[in-house]
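Shown below, as structure tokens, is a lone chain in the form predicted on its own; questions about how it binds or moves come after it.
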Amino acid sequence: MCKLSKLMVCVLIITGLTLFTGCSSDTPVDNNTDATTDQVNKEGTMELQVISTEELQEKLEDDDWVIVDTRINDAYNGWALEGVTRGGHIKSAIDFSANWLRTEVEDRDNLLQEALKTKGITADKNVVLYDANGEDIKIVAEYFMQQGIENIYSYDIKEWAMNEELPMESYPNHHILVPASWVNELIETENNGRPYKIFEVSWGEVSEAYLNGHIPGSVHINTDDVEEGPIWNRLSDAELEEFAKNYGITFDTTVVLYGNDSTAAFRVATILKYMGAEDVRVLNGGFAAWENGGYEIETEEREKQPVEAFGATVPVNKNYIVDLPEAKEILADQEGSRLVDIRGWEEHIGATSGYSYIEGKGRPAGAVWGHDLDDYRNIDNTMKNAIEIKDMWREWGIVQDQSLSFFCGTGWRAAEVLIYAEVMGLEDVSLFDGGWNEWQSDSSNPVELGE
């Protein structure tokens, strides 16, 4: 058992495991602690030692220690939640959210194992878990113990956040990705009298998913109202302005977008931002985040409430979405620009087109692979942390000070990554709207195949 003086003990019950947490302020953390003999008592229960703020500061740059944020993704990104005075995460901390262990998805065990590997959380490391509610640590600690990770310490992030001199990091534009609690407050306060709209976005007329339950007051957007085949580029600027008016959107309306599958919401978000909408938000984690938060769900179908004018000349942000001529210019500037492919590896190398209605295979000559969309998402479909995104990019020669234009097949997957890039603070970023579908439709456009 850990040798602790002046000990204050808190007992945490974790599904069959009892966690004793406590640490004297004058007892240093011992790097050589043998968890097998010191942290497991005779009853076979695990003890989590509480690490002090001073001790934690000393471990931030120590490679033998891993600092883990167990809260929801939104708190890590920058939102001040659960009574924490500052949003964001402790500098150098990585994330392993308790929500991932609450989420039932196919192949979850392998995804969790991959997350441990990617984040460097291994049995030979000392691991500090922190949260703000005293519950997330329990869930993650139990899972880590099951994986043979035993040198685990606990910490309350509220203490760190109260000291303005201690470093915390937030994404510059984390406000674009919103937690369910923020949406709920928006509804309750009616956005403090300012105009707002909430939309469920998916392809086709009102979906069964929408009718089975949606965020109260939300209106369905059919993606056919912003794009058209066969290339599936956005509609003309005049048509997009009519779309906005039809759905009651003005340039200064706070717009919240979500869906069961978030890609459609991100697609519409990029188009609205291109048009000039000043406050576009996407629900991080999609409708599942709202459901898991236990908030009210309604089944009443809501009707659009048109307005007379959008209030700005479309497009205000013309360079946010680029077309084929601009994509060719980006490819010609290999020093300062990158055309980044957000499709699966098999699509990138030309083993498949990825679409039943796209015949051509391969990639625009000179484009670089930026990984498939799944690699940008956590297990609960929230945004993966910026450290891992930048590592993926660096592997393929993509750096954030370049001009980056993202594409996929028809603009949906790439739209989500574009928003993530903006959340991270990148400024010179855009969506190549036509993507592979438009590129391959003209046989004169140069194509590469293979690795």
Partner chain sequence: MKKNLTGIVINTLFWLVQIVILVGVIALEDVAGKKMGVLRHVTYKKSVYESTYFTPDLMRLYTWILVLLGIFALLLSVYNIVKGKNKIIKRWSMTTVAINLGGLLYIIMVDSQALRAYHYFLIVTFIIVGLHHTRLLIGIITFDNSKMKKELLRV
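Residue numbers count along the first chain shown, from 1. Bear in mind the structure is a predicted one, so any value in this text is a computation, not a measurement.
This next part talks about the form predicted in complex with the partner chain, which is not shown.
**Request:** Report the residue, out of E329, D224, E150, E291, that has at least one non-hydrogen atom within 4.5 angstroms of the partner chain in the predicted complex.
**Result:** By the 4.5 Å criterion, the partner-contacting residue is D224.
**Request:** Tell me, out of W232, Y247, W160, W79, which residue has a non-hydrogen atom within 4.5 angstroms of the partner chain in the predicted complex.
**Result:** Of the listed residues, the single hit is W232.
**Asked** Would W412 show up as a contact with the partner chain in the predicted complex if we use heavy atoms at 4.5 Å?
**Response** Contact with the partner chain, yes.
**Prompt:** Would E359 count as a contact of the partner chain in the predicted complex, using a 4.5 angstroms cut-off between non-hydrogen atoms?
**Reply:** Taking the distances in the predicted complex, the answer for E359 is yes, it comes within 4.5 Å of the partner chain.
**Message:** With a cut-off of 4.5 Å between heavy atoms, is Y320 one of the residues that contacts the partner chain in the predicted complex?
**Reply:** The answer is no: Y320 has no heavy atom within 4.5 Å of the partner chain.
**Request:** Examine W203 and determine whether its closest non-hydrogen atom to the partner chain in the predicted complex is within 4.5 angstroms.
**Result:** Judged by the heavy-atom cut-off of 4.5 Å, W203 is in contact with the partner chain in the predicted complex.
**Item:** Contact stretch among 333-341, 350-358, 295-303, 309-317 - heavy atom within 4.5 Å of the partner chain in the predicted complex
**Value:** Partner-contacting stretch among the options: 350-358.
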